[in-house]
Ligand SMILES: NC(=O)c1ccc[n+]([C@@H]2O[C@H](COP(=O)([O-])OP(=O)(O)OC[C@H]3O[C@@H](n4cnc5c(N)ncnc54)[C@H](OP(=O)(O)O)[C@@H]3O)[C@@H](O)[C@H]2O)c1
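Next up: a single chain in structure tokens, the form predicted on its own.
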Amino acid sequence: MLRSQATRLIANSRAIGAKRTFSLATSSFNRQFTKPLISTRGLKQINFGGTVETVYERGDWPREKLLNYFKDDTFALIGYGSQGYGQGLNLRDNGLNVVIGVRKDGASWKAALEDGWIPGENLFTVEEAIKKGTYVMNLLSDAAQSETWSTIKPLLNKNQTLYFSHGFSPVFSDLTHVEPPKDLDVILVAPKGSGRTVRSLFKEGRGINSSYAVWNDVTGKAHEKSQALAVAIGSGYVYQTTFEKEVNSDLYGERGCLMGGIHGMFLAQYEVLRENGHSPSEAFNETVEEATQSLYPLIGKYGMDYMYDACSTTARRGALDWYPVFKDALKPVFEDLYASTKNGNETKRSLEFNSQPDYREKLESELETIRNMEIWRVGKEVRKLRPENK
């Protein structure tokens, strides 16, 4: 239905893309922006659909400038989970002075050893690492930040900068009890992807998009620190937000279109197809495979309008007729979800579950249910049929 026209259009994508996009400085992200209103080095003010925002780019902070800016600093990275892994290795590869702080001989300690961190040189206990750091990067899980804050806070001093990658703990301090000191800079850089993606895009010579925010600006340099550190951890470009907006948009998005909502939609469409006599392979291909392998990549690279252009007239007509129906049906759900995020219900639920001593076992049980769903068992077999997996 879609493939012949899509193939033809993709063949001309370089010419089309040149007309429809411009490239952000040295990053390789193609974004459909208007012309920059101001251009100084890589810094640009860009009109996003009528709203002008400042975007800071990797071109603003070349490696030599980063090395000079942070020449007297040590980054004490606390926690070595997904973000700790990605940000820590990128900082190290950028030539900056990084130390990892984790529980000795725990799972994170062993993971850090595998990645070449050396005990006594750049791998320490949490307390030792914090004492060495001019920047303390709290990259523990949200639940762990809450549980360890009473130990970490007394170790901080006014000459340090406290760093987060999620606004969760400070914003919902009534639940987490994480209240940053008022006498030091407190900043945030939030990569828009997992730590594994932060790492892989950096290794590809690209960079993930990130937001930054400032909680305390005691020195008058907190914004500059945030922008520089965003590039140092592997960002291609970064835009400003607040701690509150970052956590609300993040929790909302994960539960909505990024994970929960898209999973629910996949399941609903698949089940209706199966209930109407379609085979598992057909139901999966028309629900997931064509979306992720054919259409969604077009949206990611060129935009929804381009994806419509790449479809047959029949597909286009149906999508134009039905998207308002889905929007009207789903908007009340998203309104409820945002309210639940903003009032702290989602935070409370997360903390209560993730703080339980048997949470890993309960989580594994829920994930096993997903693995055993027919749709995802079918998907495993379908992926084997892809030419690259032969």
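Treat the numbers as computed from the prediction; the structure is a model and nothing was measured. Numbering starts at 1 and runs along the sequence shown.
The following text describes the form predicted together with the ligand, which does not appear among the structures shown.
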Open vs blocked, site of the ligand as found in the predicted complex, superimposed, 2.4 Å to backbone or C-beta
open
Would you confirm whether the three residues 59, 88 and 232 all fall within 4.5 Å of the ligand in the predicted complex, going by non-hydrogen atoms?
no
With the partner omitted here, the residue among 148, 122, 160, 216 that in the predicted complex has a heavy atom within 4.5 Å of the ligand is 148
Which pick from 194, 200, 240, 269 sits with a heavy atom within 4.5 Å of the ligand in the predicted complex?
194
Would residue 221 sit within 4.5 Å of the ligand in the predicted complex, counting heavy atoms only?
no
Using heavy atoms and a 4.5 Å limit, would one call residue 84 a contact residue for the ligand in the predicted complex?
yes
May I ask you to state whether residue 79 is within 4.5 Å of the ligand in the predicted complex, using heavy atom distances?
yes
With the cut-off set at 4.5 Å between non-hydrogen atoms, does residue 103 touch the ligand in the predicted complex?
yes
Where, among 105 to 113, 276 to 284, 89 to 97, 290 to 298, do residues come within 4.5 Å of the ligand in the predicted complex by heavy atom distance?
105 to 113
Taking only heavy atoms into account, state which residues of 136 to 156 are within 4.5 Å of the ligand in the predicted complex, ordered by sequence.
139, 140, 141, 142, 144, 145, 147, 148
